[in-house]
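Next up: a single chain in structure tokens, the form predicted on its own.
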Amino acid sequence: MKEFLTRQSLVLINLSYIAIAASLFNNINPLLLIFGLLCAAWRIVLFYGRVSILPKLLLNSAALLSTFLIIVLVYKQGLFSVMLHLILLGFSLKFLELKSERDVHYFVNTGFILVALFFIFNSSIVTSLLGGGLILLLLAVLLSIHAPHCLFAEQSKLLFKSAAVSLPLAVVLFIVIPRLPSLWKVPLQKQAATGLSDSVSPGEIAQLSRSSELAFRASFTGAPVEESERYWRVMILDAFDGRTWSQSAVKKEEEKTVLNGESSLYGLSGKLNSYDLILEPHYKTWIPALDFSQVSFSAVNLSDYSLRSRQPVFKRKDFTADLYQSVNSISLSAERRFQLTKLPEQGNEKTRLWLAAQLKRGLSKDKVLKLLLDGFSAQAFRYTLQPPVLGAEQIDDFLFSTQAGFCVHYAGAYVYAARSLGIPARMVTGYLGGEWQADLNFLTVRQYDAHAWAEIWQDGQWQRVDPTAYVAPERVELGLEGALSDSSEFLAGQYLSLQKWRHISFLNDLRLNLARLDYLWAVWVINYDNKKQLELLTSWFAQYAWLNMLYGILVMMLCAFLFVVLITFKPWQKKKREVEDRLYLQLQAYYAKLGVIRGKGQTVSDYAENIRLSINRPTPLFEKFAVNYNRLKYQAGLSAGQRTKLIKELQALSRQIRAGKN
């Protein structure tokens, strides 16, 4: 087979494949990536003539066998995942039949489809820039095929110029084209969920609190809620097996029923505010909520005041909620009361005996719980992300031995004590606090803001109790970092996180600026939906009552198109002539006055010979002029120095010819 690829084209093709495959690494079976790299290596060996092209029968057999194996490997992950793997398989197999420009076109177009799939899984500003780079790389492949005579610098200049010229039209189309819903569901089986789960053991939230990953952002219609009230409820844990707090079967069934139907109904009164949430992907349905919130149509309310999205949050998603002052009294069924006071029959005898002893002293149940809380602040309890390991009797070990722990330790001990006293109680997990950025009026909440607190049933209402506030009030007022006595515990091991180094002024400024940029990206790009589009366009065209919105959109698109045309063709610019062309035209004008006219289609050499014969001057000047002109015009690979030298010689020849010298 005659090789049609250049070395540059082959390098760009392999680079584009490796870059696209790497961008999808988390969503692709590694065996397929290994197979693709072997196909790319085979094409490189073929380029150097070390192997021969595969027979068509063998190629078709390899395609069928690999397709069968891929389907067997990934069919359990759903139709979308199978489709993604098959497209990447075709992308890989194309290496085995790159025999013409048409095959390269198929390769590049398949690459564009894979980049589009990459954007389904990734939406941050950094990954969007990466996706843009992948598109430029694929376009560079096309340029290397269709403009092999151009130097790499010229190809790069043309590539970036074309991309820059296309941006205005792309921006206008993004603003005015209707936002369509997804036509498919993204498979969730392989996605690694981050954040809180439906069960927790002492120390698990402490591990989560070592992460600086973004959890969500919030902005308020009115004034933001006070720092001490920024308790973002996510999950209610109402079952305890002696080691782990989790959701009971009743809670799980209620959540499943509500997600398939309507929100739980309870009365809210005294609307205070509204807030918008932008959640990071966590591949579950939970939505953090302040007490007490009511959500829009895309989410539902549970009876425990938690919020749930109707669909798992697999990409950045925004929700709007109304915040109310109070919830009307509700009754607690006998079944729920039993569940909320249920404890293992055996274990933690020291705690049970201590509680019984306080009751014998004549203290009420409420005062016993208050005594426990006061002990957290008065005794040698301490707040730490690295607590000692607890034994089988977790509550006893914590209260009477280690006396060191994180929020789950304190909340768990309090809920256990309340239930032992017959008071319905439950653990709440979520987030506390966040970093307020006043310039753009939004709150940033990260995984290290994860928190757990308690709720007890009193006077027909659930009352929030945060035992951590007694041992480390700084946790509520200043956040996690301010509550730790050992500052090295904060984001331990995350040395590349800007959050860890925010005490350094210029790094903190960089962190805040990146956060602002990312927030604006999330609001105006990722979550630019039909509602925002309508609001934006309405605000623009409201100033011109005579201008219909549809016509206005068409005018915007037309203006963007005309801008692209004008920038591309530049009709206001005259074509700049090269120096050699100007000298040649001057020579033609000079001899036209003497009656020597250049014929249509006549070459420079023929025209120079025609001049020599017409004026009957046997001089080599005309021949030298033609030779230098042709070298300047058509000889490839001239250096800047060589070109400068030839132009000077051509200018001297032009002067000598017009001076009548031999």
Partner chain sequence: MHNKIAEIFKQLNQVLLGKEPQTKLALVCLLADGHLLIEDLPGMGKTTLASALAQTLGLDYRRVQFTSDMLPADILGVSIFDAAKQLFNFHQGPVFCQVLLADEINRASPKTQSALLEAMEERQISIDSDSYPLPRPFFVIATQNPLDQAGTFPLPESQLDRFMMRIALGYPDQSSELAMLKGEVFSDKKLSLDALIDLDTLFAMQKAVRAVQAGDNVLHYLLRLINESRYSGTYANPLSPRCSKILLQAAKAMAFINQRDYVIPEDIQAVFIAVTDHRLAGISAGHGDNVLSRTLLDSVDPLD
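Between two forms, the rigid core is defined as the largest C-alpha subset superposing within 1.5 Å. Everything numeric in this text was worked out from a predicted model, so none of it was measured. Positions refer to the first chain, counted from 1.
What follows is about the form predicted together with the partner chain, which we do not show.
D198 falls outside the set of residues with a heavy atom inside 4.5 Å of the partner chain in the predicted complex.
The partner chain in the predicted complex comes within 4.5 Å of no heavy atom belonging to S52. Shown alone here, Y629 lies within 4.5 Å of the partner chain in the predicted complex, counting heavy atoms only.
Within 4.5 Å of some heavy atom of the partner chain in the predicted complex lies at least one heavy atom of R598. Though the partner chain is absent from this view, in the predicted complex it lies within 4.5 Å of a heavy atom of just one residue from F240, W453, F319, Y584, which is Y584.
This chain is drawn without the partner chain; in the predicted complex, the residue among S156, N441, N273, Q588 with a heavy atom within 4.5 Å of it is Q588. Listed stretches are 23 to 31, 41 to 49, 62 to 70, 600 to 608; the contact stretch with the partner chain in the predicted complex is 600 to 608, by a heavy atom cutoff of 4.5 Å.
Contacts of stretch 630 to 652 with the partner chain in the predicted complex, defined by any heavy atom lying within 4.5 Å, are made by N630, R631, K633, Y634, Q635, A636, listed in sequence order. Shown in the overlay between the shown form and the other one, fitted on the rigid core, is a CA shift at K56 smaller than 2 Å. After superposition on the rigid core, the Cα atom of A19 is displaced by less than 2 Å between the shown form and the other one.
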